[in-house]
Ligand code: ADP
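We begin with a single chain expressed as structure tokens, specifically the form predicted alone.
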């Protein structure tokens, strides 16, 4: 079977979030099972062509939209043909993938609409027709629309994955004309969304299957609370909606081999995790390794429950515990955490993105905080547990699917239900109490290190879905 995996970002070439990690690991896991998988993404200015051995092919063509021709040249990695990159200097030679810190690029409909056309033109020119095209998020959601409504390639299956329904690719209604889609697609059963064009809605309606990145999230987005206006569309198409939990790549996330942490360790010599903690505390001017270390790593955004941390910071400063916070995001939160850096003797704060530091934090911490308002899947909790760090999280989305509260049989984490300060503080206090039981803590740390959140189960579910779609096409 031939699979084309299309994403706006793929690790390590370009990354703004978890989409890039999934777009790297899932195709790898599927190809390891004998399937022919090619991955496709735009070639941004920020991609280091020399470092990754990205070279031009002889494939080039024009995409005519917006009353002009956009010239695309296709690149690939020098040592193989697994990854293809689509370059247009006007659209993708920019400093950011989707927009500046001030906001999204106003022509993102043209940028990713042109890329969507370019993917299908590539198939036509190379005569490489996949059995299934797997698209991701709003940036590639037009591909299932084009596949059925413009190219009429009905023997090719399509699957679309929603990584975060809060981002939908909504543009003014004249995007229909700019993208040569035709006004016959501008109605409530297709792309129309409150008199605008909604890319993600098109992907949901026109794809053969829709997946989300965890089972719980697939149910949540069918409700008004979490559906961001698309819950009705999803309920109508629930027969083709599946929740498949993401995984992590244990070759990448492994405390036994991680070159960034102070001391490597496994569940068999977990005492070295405590040594990592001691070094981390000393390096960042935090005292007393007998105290528990709570960490937060992630985007400073409302979705991540950052307001709960912000509003609780004075209470946290009074606890007999150390805290380390690493992240960046909305200017409001960046400014807040920059302003309080150094204010509290037991709270270390770093505003920015620093992967080596994040790995040291995973290896050193006792608890990871994930107080998300919603969480489609979440990878941080899986990474943390791989490093023997227990998770304190709100019970939502993928967090509910991967963290089991210690009050339940064989539980190994701490969950709270409502996103309010009182419940969040109570969860921290539960962590403090649990930490006092050294024997139980050590056992739980060993236990979570041996949980399996690899891509094996997820890849198997996707393969079954690909095969069902292929079979339904009569191929």
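Positions refer to the first chain, counted from 1. The model shown is predicted, which means the values in this text are computed figures rather than measured ones.
What comes next is about the form predicted in complex with the named molecule, which is not displayed.
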In the predicted complex, do 18, 326 and 383 all put a heavy atom within 4.5 Å of the named molecule? yes
Does the named molecule come within 4.5 Å of any heavy atom of residue 348 in the predicted complex? no
Residue contact check: residue 304 to the named molecule in the predicted complex, 4.5 Å heavy atom: yes
Indicate whether the named molecule has at least one heavy atom within 4.5 Å of a heavy atom of residue 358 in the predicted complex. yes
Contact test in the predicted complex: residue 232 vs the named molecule, heavy atoms, 4.5 Å: no
Just one of 296-304, 108-116, 261-269, 330-338 has residues with a heavy atom within 4.5 Å of the named molecule in the predicted complex, so point it out. 296-304
Residue within 4.5 Å of the named molecule in the predicted complex by heavy atom, from 85, 253, 206, 92, is 253
Considering 128, 353, 174, 183, which brings a non-hydrogen atom within 4.5 Å of the named molecule in the predicted complex? 353
Residues in 54-76 that come within 4.5 Å of the named molecule in the predicted complex by at least one heavy atom, in order, are none
